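What follows is one chain in structure tokens, specifically the form predicted on its own.
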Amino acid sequence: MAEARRFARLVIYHPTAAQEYADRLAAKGVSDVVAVARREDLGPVCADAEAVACWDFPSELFPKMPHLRWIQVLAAGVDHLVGTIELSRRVQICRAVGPFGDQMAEWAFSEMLAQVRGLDRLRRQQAAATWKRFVPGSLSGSVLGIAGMGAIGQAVARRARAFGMTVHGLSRSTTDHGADRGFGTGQWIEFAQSCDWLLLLLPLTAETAGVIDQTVLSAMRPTAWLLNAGRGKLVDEAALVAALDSHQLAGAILDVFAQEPLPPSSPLWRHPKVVVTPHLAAVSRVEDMAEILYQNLVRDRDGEPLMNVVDRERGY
């Protein structure tokens, strides 16, 4: 008689929600799960693990996990694992893809609308009991450049059209991603020159690290805004501050940074042309991540290919 299929032996490592993930899986019939909240508790439970769900994971434990076959990252970013030399190439890394598009779009448009409609100015006038009318701007007719036209970028592009914007997209493939005009990764200068708003949604790879440098920033329109919700290290932050100081662009709206939390000493906190948000443009909600994890557990049990497996060579 053939052996009955079973779910992979799973370790969930999460500092605040590990048990909630385990409880949600248990309600779906997944019971061979160990929930770990503290790093120091991982060692004794890892030897038999066949799968891991985590944000991050201590790399020194990977050589001690001979049965590990795949990792479900409970987020979209995987750069912290892709380059981990202790992780065997036979272990598949899976990204979380799907639930972040709506959140990212709402973040981007809330911040862009705040600028064009003058919300800060209105709040200051209200606080001073000042009735002073002015003519707000509009997103309609402007160009939104999206660097990274995957599922999240395409979700943002759909909203942009509802606001009457034109979408320019930059990606490895310049076709079939829903932009009005496509640019390849060798066309950064032309892309930057074309945008009123430039939104970064790229993964961090060897090719994209520091891609927003002085050359690209100087190509932007002096009325343009840079938005970064991809990875902090996409942007040369010193070059960005210099570009803002020299009026090479109008402003920057930043959700991610080279160092997080952003140090109090960073000039970005106090720069009059910078808006800082604390890496919350799109957050990993337990209900969404648990469902993605469950779907891959089912696929693994049934011998089907896992979803959203990372190409280690590309880095995403």
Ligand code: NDP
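Residue numbers here begin at 1 and follow the sequence given. These numbers were taken from a predicted model, which means no experiment stands behind them.
Same protein, other form: the form predicted together with this ligand, not shown, and the subject of what follows.
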Q.
Within 4.5 angstroms, counting heavy atoms, which one of the listed stretches 63-71, 254-262, 23-31, 36-44 is next to this ligand in the predicted bound form?
A. 254-262
Q.
Can you work out which of 221, 233, 95, 159 has a heavy atom no more than 4.5 Å from this ligand in the predicted bound form?
A. 95
Q. Pick from 124, 117, 181, 172: which has a non-hydrogen atom within 4.5 Å of this ligand in the predicted bound form?
A. 172
(Q) Within 4.5 Å of this ligand in the predicted bound form - does that hold for a heavy atom of every one of 138, 250 and 275? (A) no
Q. Even though this ligand is not shown here, does residue 185 get within 4.5 Å of it in the predicted bound form, heavy atoms only?
A. yes
Q: Report whether the minimum heavy atom distance between residue 148 and this ligand in the predicted bound form is within 4.5 Å.
A: yes
Q: Using the partner position in the predicted bound form, report whether residue 316 sits within 4.5 Å of this ligand, counting heavy atoms only.
A: yes
Q.
Against this ligand in the predicted bound form, would residue 280 count as a contact residue? Criterion: heavy atoms within 4.5 Å.
A. yes
Q. Can you name the residues of 191-211 that have a non-hydrogen atom within 4.5 angstroms of this ligand in the predicted bound form?
A. 201, 202, 203, 207, 208
